[in-house]
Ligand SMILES: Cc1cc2nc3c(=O)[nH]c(=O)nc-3n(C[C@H](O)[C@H](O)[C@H](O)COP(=O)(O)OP(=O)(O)OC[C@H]3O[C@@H](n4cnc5c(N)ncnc54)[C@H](O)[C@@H]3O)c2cc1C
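Have a look below at one chain only, the form predicted on its own, in C-alpha cells format.
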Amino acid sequence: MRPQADPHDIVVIGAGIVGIAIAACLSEAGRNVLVIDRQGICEGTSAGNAGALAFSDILPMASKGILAKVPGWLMDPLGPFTIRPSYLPKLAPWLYRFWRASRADMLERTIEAQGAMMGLAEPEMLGLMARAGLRDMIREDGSLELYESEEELNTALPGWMARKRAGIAFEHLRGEQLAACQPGLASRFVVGTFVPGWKTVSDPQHVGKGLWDYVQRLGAGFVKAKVDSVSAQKNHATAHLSDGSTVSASKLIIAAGAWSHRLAKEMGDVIPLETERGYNTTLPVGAFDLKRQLIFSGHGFVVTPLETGVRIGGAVELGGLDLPPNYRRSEAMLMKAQKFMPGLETGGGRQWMGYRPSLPDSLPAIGYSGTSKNVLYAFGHGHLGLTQSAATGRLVTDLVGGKEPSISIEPFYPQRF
C-alpha cells in the first residue's frame, strides 16, 4: 500500500455539478480544495441532464398526482415510470418510504423546505455563474408545460396553487396564445402553462466544465481515482482509493451522486438513496424550432433546446446501479416527441443514460455524518442537482466555516430517515 499523503484542507468526492459547485464556494471562501472522481470533471450524470434551472419546481415526486398515475405507468415497461421486476424486492423499503412521503402533512413540510432551498438556489447559482464569467450560458426563455385536456390541467391545479402560494408566476395558455408560445405542436395539446421564471443552460456539461475552469483558477486541484471506502479519525477523515493509496483531509465531503450512500454506509449511516435511471436522445441542432423547454408531464419527459442540439429525455426507471441500460426507453420518448411535434427531425440522435440520486421525499441529504464531524454529505438531489448545486455549495461552506447555514438545514439532515 502506498503511504498516506499529508492531510489536505478539504477533499470533495465527486466531480459532478454538485461537487464542482461545492468546490467553487469553498475555494471562494479561501479553502484549499481537492476533488476526486473516478470518471473526470462533469463526465457522469451531470453531463447529460435536461439542462433546467428549475427554481419553480418545488413539488416532490411523491405527490398525490404522481401516485395516482404510477399504477397505469407501471403497466407500460417503456412508460414514464417503471421498475425492473428483478429489482422490485430490493426496492420495496424505498417504495414504502416514498408512499409515506406522499401524506399531506409530509408533503406540506417538503414543499416548504424545497421552497426555501429554491429561494437560495436562484441567487446563488446566478451569482456563481456571473463570478465565473458564465452568465451568458443561462437562457431565460421560461418553460411550457403541456396538457391534452382541461381535465388533465384540473388534476394539476393543486400543484400550481402551491406554486402560487410560494410566489411563483405562471400563466395558463390556450388557442393562439399557446400556438405563439410554441409553434408546431400537435393539436392534441389544448392548454399549456407558461412559467416565465424557468431557466435553462446552453449545455449542462459545458456549464460544469466552465465552472471547473473557474475553480481551478481559484487554486483547487483534481485527482482522477476511484474511492473504495472512507473512514474518520479524531482530527481528519480519509478516502481509501482503489490503487491502495489514501488521501486525508480535515473535512471530507461526499458528493458522489448515486454512489454516495455506499460511502455513507462506511461511516455507519444507512441512507435510503435510490437510482432513478434517466434516458435521453440529443438530436442535431435544427431538428426543431424549439422556443423554450417543453414539459410533457403526462408522459414524463421534457424537450430542451441546447447549443449542442435538441434533447428529449426524462422518465424514471428504478433499477439501481448495476443493471444494463434499456435504450428502448430513449426510443419510446423520441417516437412520442415526433407525434407531439410533427415537424421534429428524428435522425442522427445520440442516446444516453444517467443515474439520478433520489431520496424518497425528494429532498437532498446535506449535513454531517452521524459518527464524525469530519465527514459531510451533499447528495440525493434527484432531478434537481444542477438547479440546487450552488445552494448546496453555500450550505456546505457555511457548515465547514462554522457559520449558521443560510437556510434551515433540518429538513435535509441525512439522519432524518
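Residue numbers here begin at 1 and follow the sequence given. The structure presented is a predicted model; accordingly, all values stated were derived computationally and were not measured.
Although it is not shown, the form predicted together with the named molecule is what the next lines describe.
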Discussion item. The named molecule is absent from this chain, but in the predicted complex, do 52, 255 and 357 each have a non-hydrogen atom within 4.5 Å of it?
Written reply: yes
Practice prompt. Please name which of the stretches 221 to 229, 174 to 182, 282 to 290, 126 to 134 has residues with heavy atoms lying within 4.5 Å of the named molecule in the predicted complex.
Written response: 221 to 229
Discussion item. Which residue, 305, 115, 278, 192, is the contact with the named molecule in the predicted complex, using a 4.5 Å heavy atom cutoff?
Written reply: 278
Worksheet, complete the sentence: Among 36, 26, 62, 58, just one has a heavy atom within 4.5 Å of the named molecule in the predicted complex, namely 36
Practice prompt. Look up in the predicted complex whether residue 263 has a non-hydrogen atom within 4.5 angstroms of the named molecule, and give yes or no.
Written response: yes
Worksheet item: Is there a non-hydrogen atom of residue 259 within 4.5 angstroms of a non-hydrogen atom of the named molecule in the predicted complex?
Response: yes
Worksheet item: residue 368: heavy atom within 4.5 Å of the named molecule in the predicted complex?
Response: no
Fill in: 4.5 angstroms heavy atom contact with the named molecule in the predicted complex for residue 314
yes
